[in-house]
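First comes one chain, alone, set out as structure tokens in the form predicted on its own.
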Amino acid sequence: MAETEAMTATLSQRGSYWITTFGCQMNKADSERMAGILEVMGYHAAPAELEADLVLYNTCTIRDNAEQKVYSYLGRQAQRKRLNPHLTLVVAGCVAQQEGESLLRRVPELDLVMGPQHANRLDVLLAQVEQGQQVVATGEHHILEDITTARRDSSVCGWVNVIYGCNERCTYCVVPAVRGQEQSRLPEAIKLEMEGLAARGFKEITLLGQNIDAYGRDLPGITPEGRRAHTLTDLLHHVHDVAGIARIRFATSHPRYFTERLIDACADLPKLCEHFHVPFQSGDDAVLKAMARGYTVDRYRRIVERIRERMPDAAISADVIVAFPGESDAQYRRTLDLIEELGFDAVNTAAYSPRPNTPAATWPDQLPEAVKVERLRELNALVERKAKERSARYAGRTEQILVEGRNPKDPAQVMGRTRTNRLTFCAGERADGTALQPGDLVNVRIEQVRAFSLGGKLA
């Protein structure tokens, strides 16, 4: 009894934590895993960042502005630590991996610097911190099958990592350097995690990978037909029938590896949502070659055409970079032309940002900041116009919505997403007065159409 009480007292003394996440869905999933570890250790979520006993920044280095934001946040916490030496400061994620020990020289108040491959070792690393060490964990680390229990931000939609790292060598991208080589999880482990989420009431799963189409190419096995035994398509078939899961999504795809077989599986498997995120990055072949993307504009166009041939209503979103080194005005215009032609439902846009230790950062033909700003402004206006045109098809239709929660701007409404990933708002009660709950699947007649969201009434 005394031992149990002592253990409980130790856990209660851990205090509170706060995690701020920058960047992609992979980082969000990592943050959920690290929050789960902290809660198993005895920490509890803090009501505010400046009240937390442990502050963790899970960082992104894809864009320079995200990296600089981290440093401004750290400056504020460093001041806190000078007044309160018991505060624990952690930098995780891609900036941590990229900067390593130099982060300690820049912010000596830090206790722990850890790369994304070490996310499931947070408890071990914090134990070293508690012994008085200042820890840097950025070495190559094999991600063992993850048995951590994530603290999910949603009770309805869950992330499930299927492949870590990236073997591509895009000339603008720092991800392979900071997230390491590809490591695929076993199909049985992925399915087991999905079954666990289903048992807890989750209705939608998004399978995650930096380059998810590469899933399985590091796993052994060849089929009698002579192809790899483990592919993303095979994985989708393997996990499709998990009871309780109503919807399955996956991201992020790479056009080089996106196959007709994958498109056919999405068309044939009813739980697979009609939404594809396939970055194209540029509408000019010479720029794509300089980026080392490994496909042409025509190859990308055929992917979109095949998706729409099999699933005419499918939503397609993408990523694009403008003002890449050496990009001429004519090459930039070809990117605009491709967006105009294909009509994406959403596009994540960015002006090129030189990243450390990437080939393109050293090239002499960097474009002026004014050119970047103007091209991005014009691009964003086009993306919004095309998104609104795509949204128009929903007007008057009845769409199935998976309720995720209350509208934070109007508590009388709930919000959720269509199968095609359009955010949708509707009244939070049925006609009989019963409140809609997260996880409910409801039909909504669409009456308001906006560029990136919809509104309507329960059908």
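Every value quoted in this text rests on a predicted model; they were computed, and no experiment measured them. Counting begins at 1, following the sequence as shown.
Keep in mind that the form predicted in complex with S-adenosyl-L-homocysteine is missing from the display, and what follows is about it.
Shown here without its partner, the chain carries L38, L54 and D123, none of which come within 4.5 Å of S-adenosyl-L-homocysteine in the predicted complex through any heavy atom. Residues of just one listed stretch (171-179, 327-335, 71-79, 308-316) have heavy atoms within 4.5 Å of S-adenosyl-L-homocysteine in the predicted complex: 171-179. The partner is absent here, but in the predicted complex a heavy atom of I62, alone among L423, I62, A427, A46, sits within 4.5 Å of S-adenosyl-L-homocysteine. Think of it this way: in the predicted complex, S-adenosyl-L-homocysteine has a heavy atom of just one of L269, A350, I263, L382 within 4.5 Å, and the residue is A350. Not displayed here, S-adenosyl-L-homocysteine is approached by V320 to within 4.5 Å at the level of heavy atoms in the predicted complex. At the 4.5 Å threshold, heavy atoms of P359 stay clear of S-adenosyl-L-homocysteine in the predicted complex, well away from it.
Although the partner is absent here, R355 sits close enough that one of its heavy atoms falls within 4.5 Å of S-adenosyl-L-homocysteine in the predicted complex.
Taking the partner from elsewhere, T206 is found to have every heavy atom lying beyond 4.5 Å of S-adenosyl-L-homocysteine in the predicted complex. In the predicted complex, S-adenosyl-L-homocysteine lies within 4.5 angstroms of at least one heavy atom of each of the following residues of 267-285: P279, Q281, in sequence order.
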